[in-house]
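One chain is shown next in structure tokens, namely the form predicted on its own.
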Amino acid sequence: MQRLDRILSDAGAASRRELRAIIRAGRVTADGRTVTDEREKFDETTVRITLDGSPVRLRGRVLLMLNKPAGYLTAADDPHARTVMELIPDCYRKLGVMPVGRLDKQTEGLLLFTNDGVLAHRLLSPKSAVWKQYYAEHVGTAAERDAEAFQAGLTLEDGTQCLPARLTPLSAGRSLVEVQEGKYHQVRRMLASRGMPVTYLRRLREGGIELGDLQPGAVRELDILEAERVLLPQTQEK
């Protein structure tokens, strides 16, 4: 059980100080009843609250997918550049969602957001082995020897050791790449190490979640079943 002002504050409705005045003015209902005492307690998992007649979305675990366009930084804010948070609707920003991992500024595609720190940690932990699939356009044509090198685990020029990954040539200058970790500019660096600098990169899948036909810059909330699929184990078999 939580105080009404705490529930509303956690939902991002307003500050605790502002909420005291709002509640005392009779602008809030809980389970259909006008409440004027901010200290009254409710079960935050079941209570239905309105503010000025509009339902209030209460804080709970939220998982979003964004089709990130090129040109946006994966950051909470930056004084000199556009960030992915500018693409997230205000109702979700108020719930405290933040990006899970990152895509570099020029990389497009699937980027997850959540307000659940435990889930974010699981998604980012190498122990979870959440596979991520990318479509890459690059200089040159990938060969079987390149795929074998990816599968063996590449060592990059600076000594960075990469876990076994998958490289699937599609045609001249086009490949699919799948990695189970998220080192700095990893896919770009891996392809460059094989003489195939990347000219375009888009993430298509993370765990069991696919980008699908989500339009660039668009956001979609994942339901419970979809959220569970993010952490589905991805086998090494093609």
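Since this is a predicted model, take the numbers as computed values, not measurements. Residues carry their position along the shown sequence, with the first being 1.
The same protein also has a form predicted together with uracil (URA), omitted here; what follows describes it.
Undergrad: Within 4.5 angstroms, counting heavy atoms, which one of the listed stretches 209-217, 44-52, 30-38, 187-195 is next to uracil (URA) in the predicted bound form?
TA: Looking at the partner contacts, the answer comes out as 187-195.
Undergrad: Considering Leu103, Val97, Ala142, Val130, which brings a non-hydrogen atom within 4.5 Å of uracil (URA) in the predicted bound form?
TA: By the 4.5 Å criterion, the partner-contacting residue is Leu103.
Undergrad: Within 4.5 Å of uracil (URA) in the predicted bound form, heavy atoms considered, which of Leu204, Leu63, Leu58, Leu201?
TA: Only one option qualifies, and that one is Leu201.
Undergrad: Considering only heavy atoms, tell me if Thr114 and uracil (URA) come within 4.5 Å of each other in the predicted bound form.
TA: Judged by the heavy-atom cut-off of 4.5 Å, Thr114 is well away from uracil (URA) in the predicted bound form.
Undergrad: Could you tell me if Phe150 has a non-hydrogen atom within 4.5 Å of uracil (URA) in the predicted bound form?
TA: Outside the cut-off, so no.
Undergrad: For a quick check, can you give me the residues of 133-164 that have a heavy atom within 4.5 Å of uracil (URA) in the predicted bound form?
TA: Read in sequence order, the lone residue that approaches uracil (URA) (within 4.5 Å, in the predicted bound form) is Tyr134.
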